Each structure stands twice: as C-alpha cells, then as structure tokens.
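This document starts with one chain, in the form predicted on its own, laid out as structure tokens.
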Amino acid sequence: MFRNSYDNDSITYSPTGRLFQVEYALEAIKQGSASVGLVSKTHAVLVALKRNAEELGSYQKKIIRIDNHLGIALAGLAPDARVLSNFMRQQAMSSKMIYNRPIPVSRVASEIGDKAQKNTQVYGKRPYGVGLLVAGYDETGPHLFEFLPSGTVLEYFGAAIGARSQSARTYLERSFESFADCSAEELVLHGLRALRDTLAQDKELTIQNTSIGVVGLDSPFKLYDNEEVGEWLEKLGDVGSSRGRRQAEEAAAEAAAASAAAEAADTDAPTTDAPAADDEAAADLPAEPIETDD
C-alpha cells in the first residue's frame, strides 16, 4: 500500500508529524491473532490464540519462555518476535553472569524498547512488525509490559494485542479491579474469558489453538500447550465465541418482546361478538302477550 511520498522510509516525518512506516508496523500487529496479559499481586499470566496457515500445517508458537521468571506473548510477524526474544535471552544471561541475579522485568522491557526505537532513527532499517506482552516476576513483584514497534513500553494491569483485541480490552477494563486479589487459577480464567471474546463467530477455544503462560511468587514461568490446556478449558466451561452467543440472546430477546407486544395488542382490542350474543339470548325469550280492547 503506497500512501504518499513521506512513507518511503521510517525516519522522514510527514508535515503532520507522523512516521507512516511506524504506523504500518502497528497495523501488522492487528493482523496477528490475539494475545492477552493480566497481573495480580502474586502472579502474571499470558494467554494467546494460536493460528495455523492451513489445515495441514502446525500452529504458530505464540508464547515464548525467556528465563525462569520471564516470558512473552506476541502478535504480528513471528520472525521479528524470534529476533527480539533471542536478544532478550542474551540480556537475561548477561545479567546472571555479570550481576549474578535475574534481570529485572522493567530493564529487559526497556532494552527491547531502545532497540526498536533505533530503527526509527537509522536510514535503511524498518520498524519491527510485532507487538509483545512481557510478563515476569522479580524482586519487586509481578509485572506486565506492552511493547510496540515505535519503542513505546508501558506497564499495565491487563493488556491485549492482535486481531479483535478491543473486545478483550473491554472485558479487562470491566474486570481489572478484581485482578489484584485473584489467585493464579482465577487470573487464568479471566484471561481465557477475555481471549474468548476475540474469537470469530464460528470459532472456539481448543487445546490446539490456545496457549497459557503463568509465572509468580515461588513458581517459575510455566507454559501450558496442547493437552495441558484441556484442564483449564474444562474449568472455563463455555469455550465458544461470545459474539454468536450475544447475537442469539439478542434475537431471543427481540422475539420475546415482539410476542409480548402481540399479546398486549390482542388484550386491548375491543370485542365485537358480545352484542350478537345478546341478540341470540333475547331471541330465546318467550314473547309477551299483546293487550287488546275487547
């Protein structure tokens, strides 16, 4: 897609102060399947919807373990995410070798933000076409960061990226006040409900297309894939898209309202058969004698 003469590289501003190549990279994130992240006082959780290019192909990996205390979920170009995840692993190993401690989550998030921002200042490079949710637990507690190709890194209580992620964000915004006191199991179920809202109408969560990552206090990063996800889906119960369910509920409500209106109209209508019944009753009465003058 060619927009104008200001989108040929990532370092030229448009007259309105925009970098179109960065905006195109943000659009690439919206083409990927959804990923959701949540955080409580004790745990951080990632859930992601995997996608396969065709029926004969395998599902794309959506959650990547970086270290024992850290993992990421991606949306967008998977090869770009692989490059960034390898960079994050190098940073994590360097922290252990130099400082003899796990790398803080905020530091590794800032490192990839700086790396991505350089691509918007150097001619001949392009922004990374991937968004990441970085979840981890360090000495300051659990954290969740969202990384964008512009180099922006922000911390969230709950976040969602990818296709139809606005539906998941709506659920998170409605429920985030209860996240702080949730257990790991409750937090995973919240994440699955938010992820379920991003499904297309005819889709549902399965053990093949769902990934879950959990990290927290005294529990290293644990990735659940394939059969391991089955237990969580059983606890969730309804795994179908909420879009179709809402449409069915709305259709049922409209049908009930129409039926009630029809019954009300029948009740209020005037009856026209009553006078005829009165005439028939009068016809059955004996005729009165007619008085005459003798």
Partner chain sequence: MDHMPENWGRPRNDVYGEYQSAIHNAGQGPQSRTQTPSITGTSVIAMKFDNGVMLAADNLGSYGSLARFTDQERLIKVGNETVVGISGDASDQQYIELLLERLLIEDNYPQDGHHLRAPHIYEYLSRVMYNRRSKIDPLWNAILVAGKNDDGSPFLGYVDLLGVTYSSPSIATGYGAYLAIPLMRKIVSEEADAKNVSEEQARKVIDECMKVLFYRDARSLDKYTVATVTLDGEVKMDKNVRCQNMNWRFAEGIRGYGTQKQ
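In this text the structure is predicted, and so the values were computed from the model without any measurement. Residue numbers count along the first chain shown, from 1.
Just so it is clear, the following notes concern the form predicted in complex with its partner chain, a form of the same protein that is not shown.
>> Would you classify V122 as touching its partner chain in the predicted bound form, given a 4.5 Å non-hydrogen atom cut-off?
In response: Outside the cut-off, so no.
> Do Q90 and its partner chain share at least one heavy atom pair within 4.5 Å in the predicted bound form?
Replying inline: No, no contact at 4.5 Å.
> Taking heavy atoms and a 4.5 Å cut-off, does A180 contact its partner chain in the predicted bound form?
Replying inline: Contact check for A180: no, nothing within 4.5 Å of its partner chain in the predicted bound form.
> K115: heavy atom within 4.5 Å of its partner chain in the predicted bound form?
Replying inline: No, no contact at 4.5 Å.
> Pick from 211-219, 196-204, 82-90, 95-103: which stretch has non-hydrogen atoms within 4.5 Å of its partner chain in the predicted bound form?
Replying inline: Looking at the other structure, the answer is 95-103.
> Mind listing which residues of 138-171 have a heavy atom within 4.5 Å of its partner chain in the predicted bound form?
Replying inline: The stretch 138-171, when checked against its partner chain in the predicted bound form, contributes D138, E139, T140 at the 4.5 Å heavy-atom cut-off.
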